[in-house]
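Listed next as structure tokens is one chain, alone, in the form predicted alone.
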């Protein structure tokens, strides 16, 4: 692929702007300077720098982000900063989208991509991708309440009781709840249905992919091939 097209496809601006950057010696490819916009490079394993910043070529974007509290999962926010402000501009320019929003006060693992098929597979209710939440409750949680969540709780505006796929008591006030749906404020409403209240909520796993311990709040990284394998239905 021509270098000008590579930069444009990776979100670095219009083809005209990419051509200017190349002509101005602002690009290196695989460690070597290149000032020819029409130079052809194989994209597999391609590395390049733009104004000194290192990048790898990715045909599609597959990212994970450790969402902080008080950030909104929207390009058009109302009260708080957007999670997209935590990403480099070229990724935002590729029109990446978060897969399943988290409430502004909820933290934890969120996936981001520009691959429509991947977004649909991970977010469509019919695929029932399990998600695990770490829930800090205001009042101690006993086994009877755990059993209630597993059997199913009745929520307002729902025709039938909704049950968690799994629910484990971690400590007096902390539970891990696994859900396949993505209903509005579902965890908070389910905990309220057992006469308790959510004081803290963090998504710690999607499918078989766990939030890495070394991914600090506010950081993002590319999903590896291993990560993507953990997101396949047979891995969950």
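Residue numbers count along the first chain shown, from 1. The shown structure was predicted, so the numbers you read here are calculated from the model rather than taken from an experiment.
What comes next is about the form predicted together with a small molecule, which does not appear here.
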To test your reading of this chain, name the stretch in 162-170, 115-123, 137-145, 98-106 whose heavy atoms come within 4.5 Å of the small molecule in the predicted complex. 98-106
Between 186, 28, 43, 69, only one gets a heavy atom within 4.5 angstroms of the small molecule in the predicted complex; which residue is that? 186
Pick from 206, 201, 175, 64: which has a non-hydrogen atom within 4.5 Å of the small molecule in the predicted complex? 201
Indicate whether residue 84 is a 4.5 Å heavy atom neighbour of the small molecule in the predicted complex. no
